[in-house]
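Take a look at this single chain in structure tokens; it is the form predicted on its own.
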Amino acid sequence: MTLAEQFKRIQRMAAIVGVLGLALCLIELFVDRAQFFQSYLFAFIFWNGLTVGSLAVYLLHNVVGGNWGAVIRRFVEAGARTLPLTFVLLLPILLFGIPLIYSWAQPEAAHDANIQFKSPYLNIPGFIMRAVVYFLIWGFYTYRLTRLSDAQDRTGDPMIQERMRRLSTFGLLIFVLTATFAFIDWIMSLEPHWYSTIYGAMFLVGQMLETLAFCIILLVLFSKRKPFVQVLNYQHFHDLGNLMLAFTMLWAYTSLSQFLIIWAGNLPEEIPWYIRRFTGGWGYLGWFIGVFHFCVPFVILLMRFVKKNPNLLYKVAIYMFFVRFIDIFWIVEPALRQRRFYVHWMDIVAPIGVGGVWIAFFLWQLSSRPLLPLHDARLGYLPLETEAAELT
């Protein structure tokens, strides 16, 4: 079976699973609309994280360069090009779900002085308008950069890389700003009395970590097939493993900084965020994340042989992808289920439904272009098979 045939087969299966999953979710929409939107928001945040994270990694690589980004460039480009789909997936929340999941949009908020003080920002028209602006800005940079990437494939002009770098330099600053406000709108405003100035950076780092894990998984799966087998070497995996280690440490730094500042301040408007997430059964997840999102991967990724072994790094990436799923669940759902910890069947089916559709769209984008840039000078490595033979 050719690679194109495998793409079509997996894409078709993903689409079927996604449509069936979303169809099952519609049953809950008629039974309990609030529960439907709670689980759907969680699913959207997780899979949109790959879209947003792909654009972030793409912009970062264009600015800093490096051979590591050349081999995953098509992955992050395809991930960023899922923006139209993720905007469509956001529409149910924008059009119907805001009053059901955001307390500041409910009638009781009119009697809350704290929420009323923030009402010039926290209001439904502003929420929708800002979401549209975020996607327009992200879409602009995705469109311009991928058009330049296609032009480089056609012409081989080495100056196009410099144009991409200049565009991405300012674009990265704009992206960080817009992504920060997007996470404030979509997630932090679930608890409108609480705020954290480091929250946007913490969540963005987590999304980039999720994307790096996803790209490593794909890279290992493709590593034995053309064209990747002709350019990959173990240094690529080592560099990507180092990046995953760096973002794991940065995530831990921002998360611990937020916790320590709030714990030391002990202010009544700040500590409820952690109280909700360490009581009623949620604390078990909190400790799990602390140990398995940082301590375990930190120790593993310090080992050089792990980062240079594609099979071991592949397992670590799958592990990190799963832990990111748990972390986002722990961040989003306690705001909507403050009494106790429980997992609703929608918390499983909604991510499967949204994920199936996202993967099908991602594979469609990935298969529409060459899997590696055609004229990127950074792809001048020995084949992986050659290096393996030399090592043995």
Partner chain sequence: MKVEELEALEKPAIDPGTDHIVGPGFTNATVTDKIANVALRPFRSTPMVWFLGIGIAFMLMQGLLIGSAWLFYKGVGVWGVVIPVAWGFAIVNFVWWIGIGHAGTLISAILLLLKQDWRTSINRFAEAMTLFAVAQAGMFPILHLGRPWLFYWLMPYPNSMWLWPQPRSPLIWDVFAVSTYATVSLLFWYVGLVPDLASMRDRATKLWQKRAYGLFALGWRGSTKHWTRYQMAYLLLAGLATPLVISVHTVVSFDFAISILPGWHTTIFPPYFVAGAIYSGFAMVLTLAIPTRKLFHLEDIITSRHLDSMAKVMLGTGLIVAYGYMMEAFMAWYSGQFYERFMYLNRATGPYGWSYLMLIACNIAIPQLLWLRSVRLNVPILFMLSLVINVGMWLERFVIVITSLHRDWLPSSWGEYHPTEFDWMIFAGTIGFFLTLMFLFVRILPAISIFEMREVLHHIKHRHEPQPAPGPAHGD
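Numbering follows the first chain given and starts at 1. Since the model is a prediction, treat every value here as computed from it, not as a measurement.
Note that the form predicted together with its partner chain isn't included here; everything after this is about it.
Contact with its partner chain in the model of the complex, judged by any heavy atom within 4.5 Å, is made by just one of 180, 106, 161, 279: 180. This chain appears without its partner; in the model of the complex, the one residue of 201, 90, 316, 285 with a heavy atom within 4.5 Å of its partner chain is 201. Shown alone here, residue 117 lies within 4.5 Å of its partner chain in the model of the complex, counting heavy atoms only.
Among heavy atoms of residue 311, none comes within 4.5 Å of its partner chain in the model of the complex. Within 4.5 Å of any heavy atom of its partner chain in the model of the complex lies no heavy atom of residue 98. Of the heavy atoms in residue 258, some are within 4.5 Å of its partner chain in the model of the complex. Just one listed stretch, out of 191-199, 74-82, 136-144, 90-98, contacts its partner chain in the model of the complex at the 4.5 Å heavy atom level, and that stretch is 191-199. Contact residues in stretch 210-248 (any heavy atom within 4.5 Å of its partner chain, taken in the model of the complex) are 233, 234, 235, 239.
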